[in-house]
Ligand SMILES: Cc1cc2nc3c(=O)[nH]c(=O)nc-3n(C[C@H](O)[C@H](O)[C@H](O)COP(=O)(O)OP(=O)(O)OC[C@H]3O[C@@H](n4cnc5c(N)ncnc54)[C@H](O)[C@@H]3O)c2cc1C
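Below, in structure tokens: the form predicted alone, a single chain.
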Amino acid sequence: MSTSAAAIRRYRSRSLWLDQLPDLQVRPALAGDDDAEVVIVGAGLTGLWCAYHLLEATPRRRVVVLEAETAGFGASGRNGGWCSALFPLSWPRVARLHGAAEARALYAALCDVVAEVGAVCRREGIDAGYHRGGTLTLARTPAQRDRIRAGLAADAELGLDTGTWLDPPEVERRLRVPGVLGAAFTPHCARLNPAVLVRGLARAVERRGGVVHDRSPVREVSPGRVRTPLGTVRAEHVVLATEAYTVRFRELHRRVLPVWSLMVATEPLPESFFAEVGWAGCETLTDGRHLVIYAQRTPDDRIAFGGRGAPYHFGSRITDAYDRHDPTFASLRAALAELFPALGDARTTHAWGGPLGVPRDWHPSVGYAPTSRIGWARGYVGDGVAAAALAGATLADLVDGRDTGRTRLCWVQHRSPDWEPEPLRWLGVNLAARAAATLDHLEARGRDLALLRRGLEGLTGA
């Protein structure tokens, strides 16, 4: 089946990262029934890392990956490009749920996989612009400063070295932005182009004998088979790696919530800009506000800047139209200009967005059911580049029945409760977003509403 120029334009329009691919080719769709040892639903980072590790363990085995659009179409090709050891739940909350030793083991595994992603990029010739510069979490209000420092202290009490506090002069030696009261720094993060990474993984899978079919939407999953309009694939093992798009399976509709994160990217910036603001270390960048923002200095010297704030849509619907929300894009541009007044009249050349998957308890999970031989990983809440690499490797271990350090991590076989039925989840999620924005507004003016803050923290696990 040929792919039209209009389809290629649609795929490129999903993000700066996809638009920068020199050659965005679409792989052939499934052509009739097929048999495999393992069939994976979803050619994003989770599914392709799983396929990669399965084929590393047993080359030339029959592994088939089915993708509804094209490899990297979802969050894997649209995210902020942070390969980090971040986890959606605070580490004290992970320790309360699973124990301090289990929290330390999971954090160590995420730190290790940040380095492993870079090693695979080098080994497989994936030029994703991987640069391990760490992360700066800026404090720009007294409330943010106190919250960030309290988080570092709480993590340290668990024996976790999640970051170092930098006073304003130390921050200025790395990055010069107005109004900074300090920052936390962690080395456990790399910036990269996620679309180059996911497409490079797809090629690595194919070199090892795996098969990736684009434009092959899965309509039904059952033990031993997956059904598409183009044919059925029978397999001993089935792996679901669909993140936010899990909601399109009726029986899984309430397992995750599709929440949109949006981004803008500037044109390439001149050397004079970086002479003024610094940022020579290419650290990824965020701050301590409740309504998350995130940024990276790209390999071609743009600023790719994203954040939350776009609405959740009733019934967990996902369409291309929801990837754009002009009020959120305007807020992102305003926040970017506030952080970097030196941008002046620099243009933003790209604006995009996409859904990420949020479990009801904000707890990502990896699992495998031996009776049905169906595995899954989902619910990264936007912190998925490194987590997906760890999840994919873990799924490969589970499918092959290997008892490893990965399979004993505390997120394995975790079961999150389902989200509430509508209209309760629509009301609750959009109210929480409004509460986060309100808290940020109050804190910027030196005020706080403790009851509202505690309610939001209870919902998000912060």
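Not measured: the values here are computed from a predicted model. From 1 onward, residues are counted along the sequence shown.
Another form, the form predicted together with the ligand, is not on view; read the next lines as being about it.
Proximity of Gly288, Leu332 and Glu443 to the ligand in the model of the complex is absent: no residue of the three has a non-hydrogen atom within 4.5 angstroms. Distance criterion of 4.5 Å from any heavy atom to the ligand in the model of the complex singles out Trp82 from the list Trp91, Trp376, Phe340, Trp82. Comment: the ligand is not present in this chain, but in the model of the complex one of Trp165, Trp362, Phe274, Phe249 has a heavy atom within 4.5 Å of it, namely Phe249. Thr394 falls outside the set of residues with a heavy atom inside 4.5 Å of the ligand in the model of the complex. Residue contact with the ligand in the model of the complex: Asp155 places no heavy atom within 4.5 Å of it. Put simply, Ser261 is close to the ligand in the model of the complex: some heavy atom of it is within 4.5 Å.
The ligand is not shown here, but in the model of the complex it comes within 4.5 Å of a heavy atom of Glu69. Heavy atoms within 4.5 Å of the ligand in the model of the complex are found in exactly one of 349-357, 143-151, 200-208, 179-187, that being 349-357. Contacts between stretch 214-231 and the ligand, counted in the model of the complex as any heavy atom lying within 4.5 Å, involve Ser216, Pro217, Val218, listed in sequence order.
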